[in-house]
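Before any questions on binding or motion, here is one chain by itself as structure tokens, the form predicted alone.
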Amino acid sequence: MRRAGWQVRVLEAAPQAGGRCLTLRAGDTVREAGGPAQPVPWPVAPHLYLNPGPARIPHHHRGILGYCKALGVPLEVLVNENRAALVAAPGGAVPLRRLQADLRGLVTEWAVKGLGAGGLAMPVSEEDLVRLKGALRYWGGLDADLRYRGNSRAGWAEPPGAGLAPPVPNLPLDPRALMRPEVWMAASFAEGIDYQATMLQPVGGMDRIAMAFARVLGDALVTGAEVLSLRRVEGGARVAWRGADGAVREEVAPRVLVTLPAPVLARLDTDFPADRKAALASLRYAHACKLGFYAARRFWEEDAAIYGGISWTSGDATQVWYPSHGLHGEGGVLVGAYIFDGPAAERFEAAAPEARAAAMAADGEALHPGYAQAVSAPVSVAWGRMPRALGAWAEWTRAQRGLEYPLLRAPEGPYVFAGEHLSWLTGWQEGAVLSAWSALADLQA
């Protein structure tokens, strides 16, 4: 906006820039509404941090990555999918590689056996069918008899060594185990375009991006500034806000770019018309939750050769994330739970921090025996209880996209609106960036 010639003041209610793009380190405190304060008790080290909000950047999110480059924010690879990571399955945790190889082998064996020219939507020759069967055989790891009997893609029952005995691959799992939703969902989650390699993260924590913006903005950014009301007046809009010192101030600006999350904005004292207020209040936000554990020993690396990536539990914890940074370092902070939404998130959100930690530690035992004794110092964030967010990201219905989305995107008098919720990439920083650029065009109109 400054590059476009505007004189700008940014009012940020939190003590630091970033909003939901938050990083927790030793000495920080989590303050949920209606819950006890949670001081972060981890040791001080550059690699010991938790991103309770956005934690990864897809390689094709060019807007936020462009800002990282322009602002000098160093990036590193984040291991999103790791085939050494684990999936809780009937009979015990199984490496992701084994599930993927067995599921692919099972499906391709069935496909090859049923393949015929009449079963395809387009005409193919016998030569084409031979080639397709060859491709399927390779893709699924089938043997010469077009059977899947297991292979090294699924890992080793007896790994290769320097002795006389040859290596022995794992035998296929019971096909019935592969048909469970929690198994095949875990095996294919990284197929989504926003989860495909390469994933990236700022070195040192996601808030490095917000810090870089803050440095560039300088005194245009006012932290600890809680907006109290918005009113149209002659010449623009009057913004009333309370500063970190407790004093209430009022300023009049010709245009106001409003970027508050919809649940927060719906509760703000404004002179918006009734239809906009109703649309804001009806937009549901995901009640996503995260919990971080400290581990003095990086047991996932030392015991299971897991370097980064995500394991899947069969309990409420849903996902366990291993840090992609600080490899072989002194201790580590792992995400002991990432719950996207639904009843599991509601249970987590309603529980006290101690109860959350106990339940998530118990879930981790299904992946790593002894997990509950290996992790400590839990810190959790339920975004539905964070006062300046009241949710993690917008969850539009198809009907709302047709009616409320155009309404909430549209500028109104001196007000212009932006945020991840006003994009098709809700839950991603890229959505916020693209929405901001769209709002800039409205400001210049």
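The numbering used is simple: start at 1 and walk along the sequence shown. From a predicted model like this one, the values you see are computed outputs, not experimental measurements.
Beyond what is shown, the protein has a form predicted in complex with a further copy of the same chain; the following relates to that form.
Just one of Lys277, Arg255, Arg83, Arg232 comes within 4.5 Å of a further copy of the same chain in the model of the complex, counting any heavy atom, and that one is Arg83. This chain is drawn without a further copy of the same chain; in the model of the complex, the residue among Arg238, Arg208, Arg104, His368 with a heavy atom within 4.5 Å of it is Arg104.
Contact check for Ala288: every heavy atom lies farther than 4.5 Å from a further copy of the same chain in the model of the complex.
Looking at Glu301, you'd find a heavy atom of it within 4.5 angstroms of a further copy of the same chain in the model of the complex.
Contact check for Gly218: no non-hydrogen atom falls within 4.5 Å of a further copy of the same chain in the model of the complex.
At the 4.5 Å threshold, heavy atoms of Val79 reach a further copy of the same chain in the model of the complex. Against a further copy of the same chain in the model of the complex, the set Thr108, Ala187 and Thr198 is in full contact: each member has a heavy atom within 4.5 Å. Comparing 305-313, 345-353, 224-232, 370-378 against a further copy of the same chain in the model of the complex, the single stretch with non-hydrogen atoms within 4.5 angstroms of it is 305-313. Of the residues in 125-146, those that come within 4.5 Å of a further copy of the same chain in the model of the complex through at least one heavy atom are, in sequence order, Arg131, Leu132, Ala135, Leu136, Tyr138, Trp139.
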